[in-house]
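First structure 1, then structure 2: two forms of the same chain, each alone, as structure tokens.
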Structure 1
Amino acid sequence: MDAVAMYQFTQQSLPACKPVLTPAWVTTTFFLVGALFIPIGLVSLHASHSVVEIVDRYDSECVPDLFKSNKVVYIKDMSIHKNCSRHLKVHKHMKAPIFIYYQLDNYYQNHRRYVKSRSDQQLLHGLQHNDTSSCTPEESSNGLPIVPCGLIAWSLFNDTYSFSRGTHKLRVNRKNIAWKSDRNHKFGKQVYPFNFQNGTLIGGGKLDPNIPLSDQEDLIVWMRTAALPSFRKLYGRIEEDLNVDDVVVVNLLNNYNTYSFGGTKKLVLSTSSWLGGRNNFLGMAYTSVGFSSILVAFVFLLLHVRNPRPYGDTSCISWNRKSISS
């Protein structure tokens, strides 16, 4: 019995489902795919469009007129105040929680050298892991490994925002903005940034040396590098509704240097839906595939009606002949 089964297996003659793709079966399948995908796509698009967003680009507007022609000098001069105020008008009711993002464009966090310039073991174990060779060129300072080391941490985003509505200050919740798995398993609870940004070349933001890395959520969010040159990262949440025609005053510090490489900075206030933030790609993809399937079904149907082909005798198929002869 085993020999017979092995022979059937090696000769690919085991019993199997071998459907005959008739025109009616193929056309019906394409129609069903279209009937399923189009509603899913429309529902996804509706969910995406229900998200309310306010996007404000401030990198150019927050540069004094005197430095409009030389923004790099402005951002590098520490004696110049970087305070800036922006007024954002709410055009549609925004239901809490309202997510605050900063968006950077033309910023290649996916560059190979940049992505590799970190030490995951050091982030978790601190000075117990002394090998920081992967963090070049920001690996050590005064003979000690920098904690945290590497270009990613060194370039930490450091613009800050505060919000008010009229005379009422809007409280920003900055807790739980990072992934729980990152906080618990990738950043040490006993690792402190005691010598971060102490070198001669200062990059982005600084860290509180008295707070462990597991609680430095700005850093944790930043260390999860983006795959595309335009990306958003979560800054915090406003946990009260914003009404139509409200004017939100944003007081920000324009500290982060994107002018040296032609990058842009935007502040984003966004609600969310059951599908997440605003993103039309999923809905458009489902809808496009659905309409394409229905179009192909109609083409197959017209071809079959215009030039019908007679069905072959399925009993003449090789595997059916074998079963008949046996």
Structure 2
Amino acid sequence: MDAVAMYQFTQQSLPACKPVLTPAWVTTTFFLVGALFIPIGLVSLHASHSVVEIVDRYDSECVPDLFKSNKVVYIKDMSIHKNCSRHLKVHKHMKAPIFIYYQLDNYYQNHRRYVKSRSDQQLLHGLQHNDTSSCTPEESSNGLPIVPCGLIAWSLFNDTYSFSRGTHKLRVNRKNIAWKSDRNHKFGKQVYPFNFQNGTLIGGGKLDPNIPLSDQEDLIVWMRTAALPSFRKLYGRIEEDLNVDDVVVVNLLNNYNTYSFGGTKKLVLSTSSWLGGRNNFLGMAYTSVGFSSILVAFVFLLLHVRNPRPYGDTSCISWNRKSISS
């Protein structure tokens, strides 16, 4: 700091702007916010509405009537075939790529015990990395370490879906569903599943021990844990357009147990816009904030016109008020 600046600093006379929140400022600001937000909101809403989304909850429908009253027994019984088919009607043209999501509700992927029960080192380095204590309580089985260890991997989602339109089977692209950074840097290319799901308790899906983790994209997606107990995860992409009134037949294997804890499973087909999936929230937030701002601005304006407070009116100062009233 040079001498002048230091002088101004110590004498507390640094050049400064002194914003005074005048009614004009308040009103203008609110108008500006409104003027800015409403267009953004409308564009966002438009983007959101351009997305076509089909949501199908199948967890209870896919349980045979026989087991309706006791779904947990059904799902735990390995001998029962879990085949199920669903018919989805396309109500609006869907342009490729169409994203396939599964959605779980009431599933606490963000539980503390769950979130920390993984070993990122092991995912990257495999068995070379010995310290898997963070994976508790799924760090080893039968005295051998598990790769990938931890509750998250252990509870891998294992419903599978295949789609057909009429007789034509729709090709599902299941590559590139995980973030690239995860595939390249978090999951080892030389790390193969080991001793996985060999315990007495089977939590979820199994992994092909011959495919390195970096290519097990289902696992990678699953292991990017969700923030909320209700979440969607990407399953794959249908790379053909679907037309209005097409009926898509979904053949699914209803393997995953959400019945124990009363969770639901949904299958979601969705196109996407530049703003992602169908989500009115941003658009609504923008437009409603924009409109409220304009409203507030008008109220202020009205008050100002009808009942202006004189600016810098010394009679409003408390000591003056007192002496007048006394």
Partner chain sequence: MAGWRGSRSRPGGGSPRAERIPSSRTIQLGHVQPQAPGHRTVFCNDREANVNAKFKGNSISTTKYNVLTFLPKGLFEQFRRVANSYFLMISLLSCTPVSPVSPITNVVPLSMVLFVSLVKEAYEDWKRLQNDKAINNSSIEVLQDRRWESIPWKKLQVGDVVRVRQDAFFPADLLFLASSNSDGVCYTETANLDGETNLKIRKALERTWDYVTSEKASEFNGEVQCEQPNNSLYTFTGNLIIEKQTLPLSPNQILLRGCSLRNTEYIVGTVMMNSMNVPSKRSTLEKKLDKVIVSLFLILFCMCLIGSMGGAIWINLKDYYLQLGKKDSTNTPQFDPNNRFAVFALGIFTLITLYSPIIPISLYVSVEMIKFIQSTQFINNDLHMYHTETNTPALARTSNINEELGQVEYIFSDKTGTLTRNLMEFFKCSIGGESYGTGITEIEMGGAQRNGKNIGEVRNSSIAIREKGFNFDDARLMHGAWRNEPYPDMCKEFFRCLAICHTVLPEGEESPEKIQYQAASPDEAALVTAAKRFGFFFFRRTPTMIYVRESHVEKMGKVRDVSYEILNVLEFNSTRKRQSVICRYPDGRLVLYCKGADTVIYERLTSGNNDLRNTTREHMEQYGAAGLRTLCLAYKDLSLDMYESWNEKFIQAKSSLRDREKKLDEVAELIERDLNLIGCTAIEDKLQEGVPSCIETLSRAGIKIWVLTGDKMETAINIAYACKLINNDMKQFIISSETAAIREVENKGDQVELERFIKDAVKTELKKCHEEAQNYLQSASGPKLALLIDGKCLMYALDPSLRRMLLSLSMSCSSVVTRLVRKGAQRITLSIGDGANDVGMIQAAHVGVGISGLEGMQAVMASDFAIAQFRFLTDLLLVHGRWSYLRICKVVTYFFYKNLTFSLTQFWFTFETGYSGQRFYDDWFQSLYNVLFTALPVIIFGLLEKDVSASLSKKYPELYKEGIRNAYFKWRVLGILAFFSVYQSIVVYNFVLTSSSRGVTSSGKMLGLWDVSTMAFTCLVITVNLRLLMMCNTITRWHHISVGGSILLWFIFIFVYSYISTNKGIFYVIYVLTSTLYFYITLLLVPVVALLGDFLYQGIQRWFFPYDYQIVQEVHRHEPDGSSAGLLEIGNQLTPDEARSYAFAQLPQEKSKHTGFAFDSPGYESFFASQQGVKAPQKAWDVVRRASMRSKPKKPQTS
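Throughout, residue numbering runs from 1 along the sequence of structure 1. We call the rigid core whatever largest set of C-alpha positions still superposes within 1.5 Å between the two forms. If you're wondering where the values come from, they're calculated on a predicted model, not measured in any experiment.
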Please state whether structure 1 or structure 2 is the form predicted alone. 1
My question is whether Val20 is one of the residues whose C-alpha shifts by 2 Å or more between the two structures, given a fit on the rigid core. yes
Shift in Å of the C-alpha at Gln11 between the two structures after core superposition: 4.7
